[in-house]
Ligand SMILES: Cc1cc2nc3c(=O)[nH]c(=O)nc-3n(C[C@H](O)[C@H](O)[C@H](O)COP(=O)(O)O)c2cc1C
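Just one chain follows, in the form predicted on its own, and it is written as structure tokens.
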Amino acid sequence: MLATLNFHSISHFFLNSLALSAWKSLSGSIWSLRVNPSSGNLHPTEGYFITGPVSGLDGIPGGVFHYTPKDHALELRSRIKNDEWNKLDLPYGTILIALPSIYWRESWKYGERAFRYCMHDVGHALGAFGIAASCLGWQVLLQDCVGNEDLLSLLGITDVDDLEAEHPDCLFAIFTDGEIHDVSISSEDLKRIHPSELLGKPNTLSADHVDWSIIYRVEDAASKPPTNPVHGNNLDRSPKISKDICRIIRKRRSAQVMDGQMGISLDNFSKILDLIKPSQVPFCPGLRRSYVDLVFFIHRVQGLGNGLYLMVRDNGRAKKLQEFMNPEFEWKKLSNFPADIDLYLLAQGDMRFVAQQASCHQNIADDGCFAVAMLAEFEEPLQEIGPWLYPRLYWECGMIGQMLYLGAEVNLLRGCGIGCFFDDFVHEILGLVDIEFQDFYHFAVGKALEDKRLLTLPAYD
């Protein structure tokens, strides 16, 4: 069903992507949860809504708007003249979304790991937006030839040296006519837009700061320059998201503890794997291709023996993976899965202790039905495309994580992203001895144990 672009549909779009999902209360303390997952519930990802004159949004001037989850509102930051917007030559009804990160929201707690966690969260947000758009019948396309400096200018971000500054990540188009268009906004296009005087001022987060300078060195090294568009790349229409997913978006929660007992049927496990294929929503068109495969530590999947498994998400990579991994692995292709799911048994055995050790000794990695290590193709793509691809590998992992969260919820289970892990230990398990592949994110799915002391309150009165 295709939703008409108006205030109501825009409200639902943000309600199912970046909004609050509930409040929790315990012993006089109260805190909010959000639809999009985040490391430590710290939410470094900001959202911007950018539009020109569009029928159905009468009363909204063309401009750049900041989304504020607490009030579920759009705050006008700057106006864009109609003639400037029209020069972008976008299909009628197209809106733009921009995502920057505030590293300090993570680095005060996690130090230099904050860059990794922020990039995971960009992927979570991309996943949330892709799903929210699909539930409305809309299409998403990453604008991948725009450079970071262009986004700074568009969003009016000036003081990037401030430790609470926003740092640009990505821009993507939402086509509300239900079609996916081969549109590439260039750096030159954005330079034609001159936002008016900035309105409002970001809130101050902290009185004191610690300067984790390595984060900014990584950001500089991986900054996205303007690049030429790759027209027609990965623009096949993605399958529509299921009604079950649309129904449970706002119910998603992160597990804190798992029971170590409940399993999952082989059929439901297969359905979760189907959700994380690169052809599915929300792996938004515009990403050059898939770079991430999944190593499964199977603990409690009925009809599937415990052991180490590998889901190859791009079957052209299977031979290369086999070449670089432990030569003693079985590489037995499992036939009781759909033909387009390439799942291989690598080694049989109890992997609970290994999964726990790999995930910084966290019990949640061995108490679930399964744990996952996300393995990204690394050295060759970065040499071929450039270091700016590095954050995008984390984005893809974050999108996979978002779908694992929702796939778990559909099956009355819970997911948990695990940002702390020992990548060298995982590489040793897999027999990897160089940097052709790298461990980028961990995840667990299982039956969550609920804390009955917590009171759950609605997100909005």
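Residue positions are given as counts along the sequence shown, with the first one as 1. Please read these numbers as outputs of a predicted model, since none were measured by experiment.
What follows is about the form predicted in complex with the ligand, which we do not show.
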Worksheet item: Heavy atoms within 4.5 Å of the ligand in the predicted complex: does Phe437 have any?
Response: no
Practice prompt. Indicate whether Trp395 is a 4.5 Å heavy atom neighbour of the ligand in the predicted complex.
Written response: no
Worksheet item: Should Arg34 be classed as touching the ligand in the predicted complex when contacts are defined as heavy atoms within 4.5 Å?
Response: yes
Discussion item. In the predicted complex, is there a heavy atom of the ligand that lies within 4.5 Å of any heavy atom of Gly40, even though the partner is absent here?
Written reply: yes
Worksheet entry | Options 248 to 256, 375 to 383, 348 to 356, 189 to 197; stretch whose heavy atom lies within 4.5 Å of the ligand in the predicted complex | 248 to 256
Practice prompt. Would you kindly say which of Asp150, Asp121, Glu166, Asp367 lies with a heavy atom within 4.5 Å of the ligand in the predicted complex?
Written response: Asp121
Response to the item:
Among Val64, Ile400, Cys416, Leu406, just one has a heavy atom within 4.5 Å of the ligand in the predicted complex, namely Cys416
Fill in: Residues of stretch 261 to 283 in contact with the ligand in the predicted complex (4.5 Å, non-hydrogen atom)
none
